[in-house]
Every structure is written in C-alpha cells, then in structure tokens.
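Below, in structure tokens: the form predicted on its own, a single chain.
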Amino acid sequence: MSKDFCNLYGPWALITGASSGIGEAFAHAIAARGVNVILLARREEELYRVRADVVAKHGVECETLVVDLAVPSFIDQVEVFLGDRELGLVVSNAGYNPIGSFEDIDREAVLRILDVNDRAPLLLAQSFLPGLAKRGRGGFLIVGSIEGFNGTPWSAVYSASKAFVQSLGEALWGEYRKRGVDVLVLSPGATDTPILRAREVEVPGIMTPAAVAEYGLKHLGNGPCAIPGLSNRMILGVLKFMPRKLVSKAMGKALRAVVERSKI
C-alpha cells in the first residue's frame, strides 16, 4: 500500500490548514505512507509543533510555510517555496467557518470565508493540476462538507462556499480522471476539531480527524466525492428524497440550536 501510494502521490505532498484538526491528521496519514510533506498554515507555533511530531513519528522530510490563504498572493509564495520539488499530491484542507445569523456575520468574515474556502482551492488547482497532469499521476483532494449539499440556515455563507467546492471538485474530476490525476472532494460531517470543541456543543456521529483523513486517502482514487461516516451518508441519502424547503427547515433548526448553545 505504501509503495503504491508513494508511486502515485509522492515524493512530496502539500497540505493547507495543517496546524490542527483534519489538516494535522492528513500530515500524519500521508507521512505514515512514506511521502514527504509541506505544511501550510497561519499559526507558526502550531505549525512547528506538527512538523516536529511528524518528523519524530514518521521519519520523512517535512517543510513548513507560514502563510495566510485569505491573501491572494499566497499562491506566489507557495510556488516559490516549492521550488523544484516534485509535487504529487495537494490537499486543500484549510477552511473558515463562523456560524450565526447572516446579518450577524460581518463583511470581513464573509470575505474571509470566500477567500479561504473557495479562492484558495481554486488557485491551488489552477497552479498545480496542469503539472500533475503533465506528470501523468498524482492527486488533488479538496475538503468540502456535507453542508455543501444543501443550503444551511445559520451557516449560509459557509454552506454556499462548500457548494462551490463540491461543484468545482466534481467538475475537475471529470476533466482530469483520464489524465492520471485523482481528484476527490472529501465531504465530512461533524469532526472533533479544536473549532468544534471551542463551541462546547455535543454533536451526534462526530468523527475523529484521523478517521476522516484516512477515509479520504483510501478513497482518493474513487472520486469525485467521498463522505466519511455511515451516519452522514445515511442522512444525505434521506435528504435527497425530501422537498428542499423541508431540508432547509430541518437543517436550520439543528444549526440554530448549535448557535444558541454555543452562546451560553
């Protein structure tokens, strides 16, 4: 498995949002398969902590770049930093997810959602997919969300941003699947990340970041979309047969409860 993975997706992988949560889990899961990793995030101390842990546990090369994906020029920094390293896998994981009523999320936060969740993976795809296709093998994984399948009240901009990711990833899968590049949208549900823990809410069916990352890597060659967690797949299966107005009401009720509880 590791040899096959390295042949397809090595020798280097790039992971955004790698300082915690799912991104950190991807760093370990990919390094465990013998692939060198380049970790991107804003939080310098946390990024260095992850790097030290990855090197100690897996013995691969691990580089870090402190960068803010909300700044459009981040892609220039990444390209320069990459240099002549041979990139075989890109994991666009970084995300921004403030929840609350639409009118309570200020303009700066709204724009950051779009910059981090949509523009960043778009620029990463534009920058690296042609090279992967020319190479004739590789992978491009975008972390979406089950919220991307339906508009979600109290998470309007975030769910819309993940709908963009879902559509983009599926389209890119169609374009690159016969050129040796595996494109996948990984659409998790509730995951035990620092952001979710900070909200101090209990969510049924919560998954660990490690389980989400492993599911994504195991399904990388089976795009265009993978939904980790049986309960998440069952929920989306049921929602497909419901009128969209009922889906919106149900999801809005559930998320509003989360918003209210997180304010306590």
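Numbering starts at 1 and runs along the sequence shown. For clarity, every value in this text was computed on a predicted model and none was experimentally measured.
Keep in mind that the form predicted together with a small molecule is not shown, yet the notes after this line are about it.
- The small molecule is not shown here, and in the model of the complex it never comes within 4.5 Å of any heavy atom of Arg233.
- The small molecule in the model of the complex comes within 4.5 Å of a heavy atom belonging to Gly144.
- Interface membership of Asn93, defined by any non-hydrogen atom within 4.5 Å of the small molecule in the model of the complex, is confirmed.
- The small molecule in the model of the complex comes within 4.5 Å of a heavy atom belonging to Ser20.
- Remark: of stretches 166-174, 94-102, 76-84, 131-139, the one touching the small molecule in the model of the complex is 94-102 (heavy atom within 4.5 Å).
- Between the small molecule and the residues Ala226, Ala70, Ile38, Val54, the one pair within 4.5 Å by heavy atoms in the model of the complex involves Ala70.
- Checked against the small molecule in the model of the complex, the residues Ile113, Ala190, Leu123, Ala156 give one hit for a heavy atom within 4.5 Å, which is Ala190.
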